[in-house]
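Have a look below at one chain only, the form predicted on its own, in structure tokens format.
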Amino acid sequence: MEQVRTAHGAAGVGVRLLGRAVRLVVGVLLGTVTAVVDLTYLLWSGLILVPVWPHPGARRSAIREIQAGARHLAEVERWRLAAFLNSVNSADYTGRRAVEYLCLRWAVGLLGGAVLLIFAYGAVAGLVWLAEWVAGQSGPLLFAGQLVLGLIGLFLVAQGLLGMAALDRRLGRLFFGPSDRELLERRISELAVSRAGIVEAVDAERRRIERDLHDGLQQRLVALGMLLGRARRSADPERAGELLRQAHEESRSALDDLREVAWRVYPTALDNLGLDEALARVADRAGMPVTVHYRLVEQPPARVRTAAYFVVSEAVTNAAKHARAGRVVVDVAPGQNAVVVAIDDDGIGGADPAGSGLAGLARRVAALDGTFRVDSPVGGPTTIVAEFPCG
């Protein structure tokens, strides 16, 4: 079984590498085509500018039109970079910046086309060598030499394509951004926002626990004390027995409230038994049918375990208390370097993602660089999906 898994894993890696190689070649090929278009546009723009240059008004108008056209071409390049070369660049750039980009971009694109021509020539030569060897027109020694030469050429072409793609990405980042400094500043801003969010979420949870203690558990303990006091002072044994029965019921309710608060603070089962067992206990305590599909092979990191638990616990509680759901399905599955948690219920829907509970969960997930999505149309059903990166 282990050998089968290893073979499947190697096959998966091979398919991913082949997919990346195809995307790279297509990206460079499209870049060659767009380079021809870019160069043509620049030459045409030069021809337009020459006669109007002595006239300031017409020159400014022509420059505006040229820059507007350059932005359209630059947007095509941004799409190509994002779709095939994994380079996402900012759309906040000027028309002049777009023209400057095109002035360099066409040369990079044509250079990439030259590398592709070498690759095509090598592929045709390899097919000819193979046909000659099959037809007996070349010996094994000559074919072996040609094979070695072909592999060396393929390696050099692959390095050339990778280099052209890297140069293309660098050019895009240079003119469109974001630069390394902008990325760092953006990351700092995201961390500041997530830090403020998690502080607010924890503070909101603390206030809710305090409210539960003051308005729930404390009131029950006061009532319990009053019932016991009245039972002690009662001269009627039958009345005293009734008061003691009520006090016993009140103590059980107080214990349930205390257990609820304790679970909300932090379930010890997460550390002792793991996320799967903790979620199973959430399902047992939900008071409604809750099905948990747990498909993780290993326990996720502690921070992910804790956040995933609170997302499921809050979603199940909302489904039971507010959504009037008849059933809830929880699915915990592995993603791409992530853990994906999905909660579906058949309730009435209409959950507000900006509400305090769901917004707090979103902030808790964002603090781990995760994503949080709520789909809850009026009438139901409701789907909550949280993805936690584990890389």
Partner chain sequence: MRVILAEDSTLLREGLVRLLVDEGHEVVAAVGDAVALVAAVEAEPPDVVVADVRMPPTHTDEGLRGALEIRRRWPDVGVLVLSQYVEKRYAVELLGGRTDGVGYLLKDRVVEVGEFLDALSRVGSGGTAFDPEVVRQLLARTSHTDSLGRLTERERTVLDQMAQGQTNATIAGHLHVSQSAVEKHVNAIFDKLGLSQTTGYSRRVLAVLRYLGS
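All of these numbers come straight from a predicted model, not from anything done at the bench. Positions refer to the first chain, counted from 1.
The same protein has a further form, the form predicted together with its partner chain, not shown here; the description that follows concerns it.
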Original post:
Hey, in the model of the complex, does E249 get a heavy atom within 4.5 angstroms of its partner chain?
Top reply: no
Subject >> Touches its partner chain in the model of the complex: R220 (any heavy atom, 4.5 Å) >> reply: yes
Original post:
Taking heavy atoms and a 4.5 Å cut-off, does R187 contact its partner chain in the model of the complex?
Top reply: no
Subject >> 4.5 Å heavy atom contact, R233 to its partner chain in the model of the complex >> reply: yes
**OP:** Sort through D203, D92, E210, D271 and report the residue having a heavy atom within 4.5 Å of its partner chain in the model of the complex.
**Re:** E210
Subject >> Sole residue of M226, L174, A123, A158 within 4.5 Å of its partner chain in the model of the complex, by heavy atom >> reply: M226
Original post:
in the model of the complex, which of 233-241, 304-312, 68-76, 124-132 comes within 4.5 Å of its partner chain (heavy atoms)?
Top reply: 233-241
